[in-house]
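Here we start with a single chain on its own, the form predicted on its own, put down as structure tokens.
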Amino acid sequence: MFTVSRRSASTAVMAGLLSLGLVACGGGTTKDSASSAAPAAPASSAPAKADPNAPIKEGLKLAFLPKQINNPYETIVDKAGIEAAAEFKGQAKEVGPSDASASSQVSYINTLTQQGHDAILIAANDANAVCGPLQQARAKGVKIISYDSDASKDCRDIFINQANSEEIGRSQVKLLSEMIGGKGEVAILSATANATNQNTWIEFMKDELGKPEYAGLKLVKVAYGDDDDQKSFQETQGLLQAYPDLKGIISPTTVGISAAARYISGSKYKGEVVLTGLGTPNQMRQFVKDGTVAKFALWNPKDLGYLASYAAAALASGQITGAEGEVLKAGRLGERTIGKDGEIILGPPFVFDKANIDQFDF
């Protein structure tokens, strides 16, 4: 998610400073529709064999399907992936729904399958709601790469994870605890109630809060802004009114944290309630500089889209199959080893604050 001139600096910071690891563009936003197809037979059970020396095929057709088409964070991811496709002479586009409901992506999967794309790259709104259509696509030879928010592992080939999920969740609690002195009521402002990535992070947050060192913290509420700016704004207001002793909020969603910051910055809670979470520097810069937010975290969304694009190309070209231990050659990002259940991790989260935020532009 970074750019040194701003781009090379961000890449160096992410790769070196951390190997430590929060919606539009290209092909248009036309809302295609397709009738649901009958359940397809599962993808072939015959094990494919990777050829790491195979060249990337020219003219590959890739499609990015974000949670919703107007999510600023996913716009950055998808645009970078579309640009990456040009490096290996492929074609890529972004299509998707305007809302992040559980079933909103299904018609797009069906249409993209019918259009004969080589790969569909999806940030799943619901891990199970998209499973049937994705299986139908795989049965027709379409490679499925999930990114940001995973689909069920039985319904995709590879998951590009922006960072280790456990590290994201636990590090958010640690960051907030440090800023509020380890005592007080805290809340979480999430995206949708069925978002795979959010729920995974929140489970690790809850587990972390159960440790003795966080005995002074009390989680009073998990609220859901549905990755909608206005609803997230209103949910922030509701949390602060319902819990007058609230000391901190974690919002592990770029839409949520920026909406929460906007509300707090113009309210009596500024300087009284600590806000952190996952956001982009360009969204959060004004709130860091005006003192509303001291620290927040993220990774490089541009690198996430770039990595996903190269994974799709490698799969479609037979360089990898998604098996554990295979090595993905990811252009300027170098090599990534595929882990258990086809997971590839971009890297650890990075903390932004007033001292470093102007070094990044994304």
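Since the structure is predicted, the reported quantities are computational estimates derived from the model, not experimental observations. Numbers for residues come from their place in the sequence shown, where the first is 1.
Same protein, other form: the form predicted in complex with a small molecule, not shown, and the subject of what follows.
Does the small molecule, in the model of the complex, lie within 4.5 angstroms of each residue among Ala85, Lys143 and Gln319, using heavy atoms as the measure?
Negative, none of the three is within 4.5 Å.
Mind telling me which stretch in 51-59, 308-316, 321-329, 66-74 gets its heavy atoms within 4.5 Å of the small molecule in the model of the complex?
Heavy atoms within 4.5 Å of the small molecule in the model of the complex occur in 66-74.
In the model of the complex, Thr113 touching the small molecule (heavy atom, 4.5 Å):
Heavy-atom contact with the small molecule at 4.5 Å: absent for Thr113.
Contact test in the model of the complex: Leu278 vs the small molecule, heavy atoms, 4.5 Å
Answer yes; at least one heavy atom of Leu278 falls within 4.5 Å of the small molecule in the model of the complex.
Can you tell me if Ile158 lies within 4.5 angstroms of the small molecule in the model of the complex, counting non-hydrogen atoms only?
Flag for Ile158 set to no.
Can any non-hydrogen atom of Gly96 be found within 4.5 angstroms of the small molecule in the model of the complex?
Taking the distances in the model of the complex, the answer for Gly96 is no, it never comes within 4.5 Å of the small molecule.
Of these, Thr292, Gln198, Ser258, Gln135, which has a heavy atom no more than 4.5 Å from the small molecule in the model of the complex?
After the contact test, the surviving option is Gln198.
Which residue, Ala191, Ala92, Ile122, Val130, is the contact with the small molecule in the model of the complex, using a 4.5 Å heavy atom cutoff?
Flagged contact: Ala191.
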